[in-house]
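Below you'll find only one chain, the form predicted alone, shown as structure tokens.
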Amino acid sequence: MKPQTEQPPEEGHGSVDTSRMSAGQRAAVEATESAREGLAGSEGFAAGVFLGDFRLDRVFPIPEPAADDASRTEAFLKKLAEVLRQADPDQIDRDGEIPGDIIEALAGIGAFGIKIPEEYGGLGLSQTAYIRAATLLGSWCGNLTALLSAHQSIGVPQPLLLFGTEEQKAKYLPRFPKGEISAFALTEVKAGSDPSRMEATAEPDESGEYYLLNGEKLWCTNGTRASVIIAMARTPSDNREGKHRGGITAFIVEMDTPGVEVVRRCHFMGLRALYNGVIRFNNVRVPRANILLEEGKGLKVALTTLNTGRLTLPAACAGLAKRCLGITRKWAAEREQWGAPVGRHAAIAEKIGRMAGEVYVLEAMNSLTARLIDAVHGSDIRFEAAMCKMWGTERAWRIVDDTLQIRGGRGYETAESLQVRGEEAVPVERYFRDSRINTIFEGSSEIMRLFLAREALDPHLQTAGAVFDTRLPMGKRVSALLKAAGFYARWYPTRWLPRQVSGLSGFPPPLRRHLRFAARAARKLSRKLFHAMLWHGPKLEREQLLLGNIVDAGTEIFAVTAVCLRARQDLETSSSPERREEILSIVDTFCAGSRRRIRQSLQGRDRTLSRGRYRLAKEVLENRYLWLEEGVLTTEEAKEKS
């Protein structure tokens, strides 16, 4: 059962009351909410988890890829592996450049058009094929992964496939399989995750056929090598009927257009061959025909593109995690300390066991979500993709950190230095630097939690949000209260009642046990969210730590489900008793830890402690406690004395 969708209030979007917010907060919320039009009411599995709806039939049986796609995928991955063997990731890291012959070789096998349909010259492969390619790339070179990911996941091809007109597709898509590179320009100095602060503008000229684009974009990955990009800019409103709709608009921009300037290339801790730059637009004439979707719908283009694009990062993280597992296994078995291999010591063994389980789960989550995309074109996987991104990048970062810790000084030493000393050139130090960005790229972990929390709250806001909306007349609020009370009187008791999980008959007993726990946890999670809404009312969205716990619990429930579904599939296809035993062992071990994490998240952190830390943070930001910073040399002081 799902909360029914009510009509939104007359003012604003949905049921988010912005009347008591500051102008800046109101602009940020309204910009984001407007981009969510048409996205509410998800019927996805993970969305249902937050409502206590554990609908296994939404994800099982796991959709199988088409036979021809599977065979063509294997052929492509073989070619991709051959090209990657020609690339030296450590040399790329040292030089800060990807060799031209490697880029040409990637273009030669169609790596810049993996998902572009064959009619436009691409390979026409599935999302499942694409994340397998990302996994292979992530295991070898972060810079090559970023090049292809930024181009295909968030660059021009993906939004063009989702929102482009037939004319736009015919004009641009055939260029990319030949090796042209694209990029996505959204971030600005003052506008990151908050699009309301965007300053880039696009003003229509007198004819209305062109827009003059002005502004500057920051951290545009591939921007220094791209031939065409998607650029976001604020377009003015026009009250004349049928004229320009204000808001943020997505434009396809040719980089050789007069007025487009690559100001500088940015350099980072890792990914040293990242072609990331500052792009400036000075009266750039962009045809009206180059608008994606429609004027004022740019944020919807961005958010929808990112839903699918986010899957590339956890897929690459899976490849990196698998590589780290291999490095750790070999080292921990060979390196002896205190009379035994280091892997036999409990503190190290615990890390390795956790690492093995999380590698299997990460692949399971990625594969399941990709197959859902392939099975139903346009399927809503907002929750699943965000969960994969958040969970996958955080676990992969810990795996890399554990790998470095286990290898000790040899983990901290560069591969080149190890090789000069006559040891195996294991690039853990490079992996560490390159992977740190993953929990920040394409929505930081903090933003992912806020995003998931907002989406989880949406059905309740649609059902009961009008009750708390001070913008509405009291009569409408009372009417909304009566409707909401009627619904929750039916809905709430069902979140307490035991319920059979359908579709478990073919699962081995251990997997059935874990899935039943996940179903019970989902009902408890839905009660927790409902109680929080009753207690905090419209202020719940500000309770970020509480919502973060709820999101973490929901994500773990999805992880448990995904790994059980994958295990069921692997058990059916495996003829080896030893492999079957290993599969059940790894699932049992992971799910035992996941149960503990779910319980801890649902119990919540100590609210008194959290409030104390929040109060302390506010006081620090008010320039109190400056004495804590004394006794060090700062950059500002050094500049003043020089």
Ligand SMILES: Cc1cc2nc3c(=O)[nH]c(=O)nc-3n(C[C@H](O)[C@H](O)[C@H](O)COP(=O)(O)OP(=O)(O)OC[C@H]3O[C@@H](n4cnc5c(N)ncnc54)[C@H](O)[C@@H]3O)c2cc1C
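Note that the structure is a prediction, hence the values are computed from the model and not measured. Residue indices: 1-based, along the sequence shown.
This protein has a second form, the form predicted together with the ligand, left out of what is shown; the following refers to that one.
For the options Val228, Val563, Ile550, Leu186, the one in contact with the ligand in the predicted bound form, meaning a heavy atom within 4.5 Å, is Leu186. Listed residues Gly192, Pro508, Pro117, Pro287 were compared with the ligand in the predicted bound form; Gly192 is the one with a heavy atom within 4.5 Å.
The shortest heavy atom separation between Glu74 and the ligand in the predicted bound form exceeds 4.5 Å.
The ligand is not drawn, but in the predicted bound form it has a heavy atom within 4.5 Å of Glu442.
In the predicted bound form, the ligand sits within 4.5 Å of a heavy atom belonging to Phe268.
Contact annotation for Leu450: at least one heavy atom lies within 4.5 Å of the ligand in the predicted bound form. Residues of just one listed stretch (473 to 481, 433 to 441, 294 to 302, 310 to 318) have heavy atoms within 4.5 Å of the ligand in the predicted bound form: 433 to 441.
Taking a 4.5 Å heavy atom cutoff to the ligand in the predicted bound form, the one contacting residue in 134 to 157 is Ile154.
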